[in-house]
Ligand code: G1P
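Heads up, the chain below is alone and in the form predicted on its own; it's given as structure tokens.
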């Protein structure tokens, strides 16, 4: 049973400057909900309520978001009971702990900060700038795979072959339609050297052996400790499986995907769907008209 989750959220978010100069990218809202709240909700929906968020300098607003604001609640309760209940839900979603990554030394180093919190238990890792929309939460999908195979599990998704160089790619032998026994992990390979088109999708279930592997991991790209390098060390003496996700992944780490995500999520909201779709259609028609003229 996986009882704990780790959410790394310490990066600078430089691709969203100047918006992230004084605000964490994980707090950028998809309409009215911060990205990281979707990630925490995925943990909760997967049965995990003990969550450690690895934060950094300038990330205090994440802590404040999941804390209680009694004055605001009292003000809102008098005006909007539904919104008041939403605020109370946020503060009671889970037992959320915070620790700072004082120097940004990579994803592997961020996860290493969780060693005392997780101890000798397997745990889930969810990247704080990635949302996955699915019927069954992807973290639950990984937990199910872990309980079947008792190995570390990496979430993967199929990507176009001409884009494999953007991702960490796994290779191996299929065990069934969704599970692969990994024998190779390659970071951003060229198309001709990629073992598959299955890209790591920002979700993991890791055994506690990852911490010993991280201790042995030398600094790699950008002089940082990379999680993929540590997983390669584990792969030498311990099996790892990949689980192809059932759902759609939204990478909030760049502006264009952030815009696309906002549009798609707005179209799913009952209060926005009809008028927003009408606006989009009119906008597209106006653009088409200008192009033709």
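Numbering follows the first chain given and starts at 1. Between two forms, the rigid core is the largest collection of C-alphas that superpose within 1.5 Å. Note that the structure is predicted; figures quoted are calculated from it, not measured.
Although it is not shown, the form predicted in complex with this ligand is what the next lines describe.
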Practice prompt. Please determine, with the chain shown alone, which of 186-194, 109-117, 80-88, 143-151 has non-hydrogen atoms within 4.5 Å of this ligand in the predicted bound form.
Written response: 186-194
Worksheet entry | residue 200: touches this ligand in the predicted bound form, heavy atom cutoff 4.5 angstroms | yes
Worksheet item: Is the gap between residue 214 and this ligand in the predicted bound form 4.5 Å or less for some heavy atom pair?
Response: no
Fill in: Exercise: residue 249 in contact with this ligand in the predicted bound form, heavy atom 4.5 Å
yes
Practice prompt. Give a yes or no for residue 168: in the predicted bound form, does one of its heavy atoms lie within 4.5 Å of a heavy atom belonging to this ligand?
Written response: yes
Worksheet, complete the sentence: The listed residue (244, 262, 228, 37) that reaches within 4.5 Å of this ligand in the predicted bound form by any heavy atom is 228
Response to the item:
Among 127, 122, 138, 210, just one has a heavy atom within 4.5 Å of this ligand in the predicted bound form, namely 127
Worksheet item: Is residue 75 one of the residues whose Cα moves 2 Å or more between the shown form and the other one, with the core superposed?
Response: no
Worksheet item: Relative to the superposed rigid core, does the CA atom of residue 178 travel 2 Å or more between the shown form and the other one?
Response: no
Worksheet entry | C-alpha of residue 188 off by 2 Å or more between the shown form and the other one on rigid core | yes
